[in-house]
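In the form predicted alone, a lone chain appears below as structure tokens.
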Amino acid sequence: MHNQAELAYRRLRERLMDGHYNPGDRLTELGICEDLAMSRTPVREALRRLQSDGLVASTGRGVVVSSLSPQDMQHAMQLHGALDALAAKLAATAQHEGRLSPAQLGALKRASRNVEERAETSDAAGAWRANLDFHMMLARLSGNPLLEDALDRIWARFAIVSLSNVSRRTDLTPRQHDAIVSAIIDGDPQRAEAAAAEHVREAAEMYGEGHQDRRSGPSAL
């Protein structure tokens, strides 16, 4: 049953992050059981874990898909900025000390280019997912599994509020990744940290400017 609960958790989490459900949607155990073709016990356990992750919230009559208020978003982006800057600094340190392979650096450059290519074809949803891949790769290159886990949790919450309206967004600026990648390749921790912090700061400003006319999640993080 533990394996079934883990499977239910992963499958439901993927659906939430893929925009299968929208913020505020009410989810019932029966509906999820039908959606996942699974029994109630693992689904119930999965929902408890997702509630702990902050991805769903209990209403007394089932659960609803969580959203982020403007204040919640501000707090999340502050934390994300600090963690992303640390990830970039640690990755550049690892490069400076010779702990990153050419294959890892090549994968980071390809991930950055993939965001640009998706954005250039106006594939907003594809660019958002490519952007997520880039930042999670950055977290992995930090070599700190706790940092990677923390960023994964934050991005899961960003995904829910972003992918529900991603087609309306035109503020993707993937070229901001170039400074981060360049500093990491050069093995310059201070420059990498500053570039990542500036990147998130600019994304936060975009979110703040756009929030008055539309409800959206972070786009260019």
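Numbers follow the displayed sequence, beginning with 1. None of the values given here were measured: they were computed from a predicted structure.
The protein also exists as the form predicted together with another copy of the chain; that form is not presented, and the subsequent description refers to it.
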**Fill in**
Only one of 100-108, 80-88, 133-141, 113-121 sits within 4.5 Å of another copy of the chain in the model of the complex by heavy atom distance, namely 80-88
**Message:** Would you classify Gln190 as touching another copy of the chain in the model of the complex, given a 4.5 Å non-hydrogen atom cut-off?
**Reply:** no
**Asked** Any of the heavy atoms of Leu147 lying within 4.5 Å of another copy of the chain in the model of the complex?
**Response** yes
**Prompt:** Does Arg48 reach another copy of the chain in the model of the complex if we count a contact as any heavy atom within 4.5 Å?
**Reply:** yes
**Prompt:** Quick one: does Arg26 come within 4.5 Å of another copy of the chain in the model of the complex, counting heavy atoms only?
**Reply:** no
**Request:** Flag this candidate site as yes only if His20, Asn22 and Arg129 all have a heavy atom within 4.5 Å of another copy of the chain in the model of the complex; otherwise mark no.
**Result:** no
**Contacts with another copy of the chain in the model of the complex, stretch 57-76 (heavy atom within 4.5 Å)** = Ser58, His75, Ala76
